[in-house]
Ligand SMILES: Cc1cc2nc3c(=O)[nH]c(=O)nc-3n(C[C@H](O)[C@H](O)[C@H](O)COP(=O)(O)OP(=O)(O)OC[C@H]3O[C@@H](n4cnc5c(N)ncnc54)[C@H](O)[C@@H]3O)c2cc1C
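Below, in structure tokens: the form predicted on its own, a single chain.
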């Protein structure tokens, strides 16, 4: 243990997606010594897959202001979002989009040169009125443009990158300070201890919990699981978003931007069925509403295809010019994976696992917070931002276009707060040996020989169980059965082996560690879903079909120890405006 290589930094950022890179940029520009650890090359982080755009009330296409954006976000969250954090995000949006433009993002343009904005689901003018166009787009490759721009700006600022390193566990002392992390270089298997005065987790979501998902293979909830093992709870894990338009049977995302540009859904009878479920917004209702509608159409026998197991997304009527200019990536993807041209053929779609709305509980500065008596306390030196965090601006359902906004707003906020924290934390706290030993135990558990189940087989079993037992619609009986199965998978994983131990490549060990993370997050999701006996946003209980504000206007907190749940109230008081009271949510 004493022979391990050690490096020291002012700040450690785990994850090189848009959130981590935005925070690192603030730190590097303030002359902090910052390290970014990423298990893939930074521009392969999952932010690159975001297609549709980033929300900001610029009013370039329709009348708009941040108050309307805030209202739509609170309503979209099914009133579970914390209104102080939502106000902060929506007020900052316009400034940060202009900042990104100046940093180099090639946004699509209107004829007069201003940033193009497209309509997205759940957007309105004048607090629920006419459809707004709020989503700033770089064609249908906005995340790609954002990630590459932030990476280039970090190179310019001399941020230190540890590419293709896997974070094994957080390091902490007896006083609760987080002191960095133990990481592993994937290519060589060499361990590295990174000591840091502050540690920021930006590892993204856990979409790989589900067999059919829009997420990269790297989205295994590593940061979430590290926090759980450190004794910190996870918030609102029952709320997992299913995107309504994944390619049927495959999961690849067909952006909401397709519907924003005028595409629409039809069932097996050729009917535009969303008019029945959302009389005003139609195909641009919020994602949970559209996902449930598609699921219901198929369940009631009105699906398309030989198996009647999907619906169709039509965009042929948009014409070649619009598709080539606004949706070139979508057309290319459909041609690649379905071997048809969406200019001439509709796209078969079905809801697919997409976004983790719960996560590590934080305040709007990115500080990780845990309940303490009637209030809460911050975990010193620990921050979380992006999809792995729960601030909570998305509540029970995220609006499209708010995820890219979330990562840049709170990436900047966390970076700025860490700068102030470092002014007080001048020296490194001593790292206790037992903290390192705990982290090393995770690796040592996989030094196994003999016969046993394979890790990849257990991963498939987990994903199929979660998809079958924790999907768009849920019930107590189905959730309980799923929980029993995932606990059984956890027990079986304790005896699993890596393939061909004599010639092991380090990725096999990484996959085993990722599966450990996913299993604990699967249990967290199922336990949290069982605990919430109402339907709200993406959490639809057929045995409790109504939203229950009297009993459930609160966040769940899941603790690893004892698999227990606690709760805390939703923050209904914004910073400077009146509270938006819970109301019936219709589109």
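Predicted model, so just to flag it, every value in this text is computed and none were measured. Residue numbers count along the first chain shown, from 1.
Not on display, but discussed next: the form predicted together with the ligand.
Partner contacts here mean any heavy atom within 4.5 Å of the ligand in the predicted complex, and among 203-211, 277-285, 485-493, 463-471 they occur only in 203-211.
The candidate spot formed by 151, 369 and 392 is out of contact with the ligand in the predicted complex: none of the three has a heavy atom within 4.5 Å. Screening 532, 547, 555, 39 for any heavy atom within 4.5 Å of the ligand in the predicted complex leaves a single hit, 39. Proximity of residue 11 to the ligand in the predicted complex: non-hydrogen atoms within 4.5 Å are absent; the residue sits far from the partner.
The ligand is not drawn, but in the predicted complex it has no heavy atom within 4.5 Å of residue 24. Looking at residue 398, you'd find a heavy atom of it within 4.5 angstroms of the ligand in the predicted complex.
Contact check for residue 540: no non-hydrogen atom falls within 4.5 Å of the ligand in the predicted complex.
Along 7-24, these residues reach a heavy atom to within 4.5 Å of the ligand in the predicted complex: 14, 15, 16, 17, 18, 19, 20.
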